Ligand code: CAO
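A single chain, nothing else alongside it, follows as structure tokens in the form predicted alone.
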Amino acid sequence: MDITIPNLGDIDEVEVIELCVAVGDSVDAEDAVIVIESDKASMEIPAPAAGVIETFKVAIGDQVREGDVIAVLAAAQGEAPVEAPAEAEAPEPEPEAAPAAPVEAQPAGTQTSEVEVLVPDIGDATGVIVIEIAIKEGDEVAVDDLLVVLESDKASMEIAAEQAGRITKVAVSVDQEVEQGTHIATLLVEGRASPEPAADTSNTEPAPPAPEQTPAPEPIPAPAATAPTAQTDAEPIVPKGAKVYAGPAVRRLARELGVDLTQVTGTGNRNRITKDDVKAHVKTRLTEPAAAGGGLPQVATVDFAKFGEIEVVELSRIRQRGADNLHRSWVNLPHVTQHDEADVTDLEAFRKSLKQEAERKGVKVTPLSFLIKACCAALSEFPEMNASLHPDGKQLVLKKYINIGMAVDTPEGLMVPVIKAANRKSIWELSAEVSDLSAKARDKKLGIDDLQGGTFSISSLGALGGTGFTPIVNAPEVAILGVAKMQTKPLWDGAEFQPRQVLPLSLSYDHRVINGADGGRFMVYLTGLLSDLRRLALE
């Protein structure tokens, strides 16, 4: 029977980083055969059935794809000598890869394995730190028990145990910055076989990487320690032409940053280069240019205490990161803001007439639901408003989906959850989702997916007041709609002034993509939809 690489999702190739068994070893179903590493995480490939490893088709360092044969499994013959080697050899290497406690369990017939708990997919979130550690070494945890809590500039995220076991190592600390794939903890799991051969002439490589899973993440808990390593030497750390020991995720990071891996000192097991090593190398290289200046002039520093009593209050991480994002957008995008007003008298009358029906459905219909609906129709009519400028500045990325981000004011700062496929949802569905996402934002229960994928944003001041403002575009989006307080104004109907409810709107956009005429046409179309609900029925 062939053992093959399973479905890897959208990953093309992965690297073989460990052989867990040797030719001739007996394995049970679900026993780990090899460990592969993608640009996101490490993954064990288990045996599909019980049997004996007849041959390996891969070696450590090989790149494999979905469907590739990694080993051949011969059916167990039911003879005692076939299974004996695995039973006899298992206790020998165990002291090398695990502490004394797991070894004691082996004679009793209970096999154990150490499993690394890694940070899962966190999307494009950056600056993610550990804010709480709920475990310590020696703790017994069950499935779904809380391990650590992470926080980004947008939300917090709980990492729970996917398996029951005993914590043998906590690899992170509070306030440590982490990323996808970072080693959080090591969990000793019982009932899983992970035999290690004493020796095999056809596979001499498996023994060195066997302990690698535990030491490899060591640079991550103490990133400061990697910075002063010998990264400043201009001479290659690895001889020219020699193989650099680094995983695909590290190599991809190095390509993105333009780093020559032969110049980087590896701090992992067998001098394996980690992401922290690459980042420390880049930081060191940028130190001298950064000191030379060349950026925007800085605001003068003032000692305010000499003028009177002051209090210094720490900004939340969400506000700090939000400030960075807004500043980045304001500096890089040429903003233009156009102001207009929409007569929403009829819309408001219709919305209020839905009150009893909304109560029966358990939702609250606010003007924002109609704004989102109208914006979706306008974005379909003007697709450049639902686009992003390509990084080369020469192409426009037109998105065939419409995801609306809505700014929510929370005690921790401004958050922008995203309503996915908003153009396909009814007023009832939009109202329910607006209420749900707003509550989750205020309770810090938003997931990473809730904050990603926006194509257009709406920032509503609602009842706070104001007649207009300049919202900052949420790059890489190209436009955002600001909504001020609804007011009653006298409007001329051709014969006399009539009291009408008017909604002030402010559209900010990236002038590299949207010109004034396009912005004007978009606003005319949008205010027309809001002023006459019948037009929404035509969309």
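Since we're looking at a predicted model, the values are computed, not measured. One rule holds for the numbers: they count along the sequence shown, beginning at 1.
The form predicted in complex with the ligand is left out here; the points below concern that form.
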Exercise. So, in the predicted bound form, is Pro334 in contact with the ligand at a 4.5 angstroms heavy atom limit?
Worked result: no
For this session: Answer yes if any heavy atom of Ala387 is within 4.5 Å of a heavy atom of the ligand in the predicted bound form; otherwise answer no.
Result: no
Exercise. With a 4.5 Å heavy atom cut-off, would you call Lys485 a contact of the ligand in the predicted bound form?
Worked result: yes
Exercise. Would Phe469 count as a contact of the ligand in the predicted bound form, using a 4.5 angstroms cut-off between non-hydrogen atoms?
Worked result: yes
Problem set entry | Which of 258 to 266, 298 to 306, 134 to 142, 452 to 460 sits within 4.5 Å of the ligand in the predicted bound form, heavy atom basis | 452 to 460
Problem set entry | Sole residue of Ala125, Val72, Val149, Leu414 within 4.5 Å of the ligand in the predicted bound form, by heavy atom | Leu414
Seminar exercise, completed: The one option of Arg285, Arg251, His339, Arg442 with any heavy atom within 4.5 Å of the ligand in the predicted bound form is Arg442
Exercise. If we check the ligand in the predicted bound form, which of the residues in 429 to 450 reach within 4.5 angstroms of it by a non-hydrogen atom?
Worked result: Val434, Ser438, Arg442
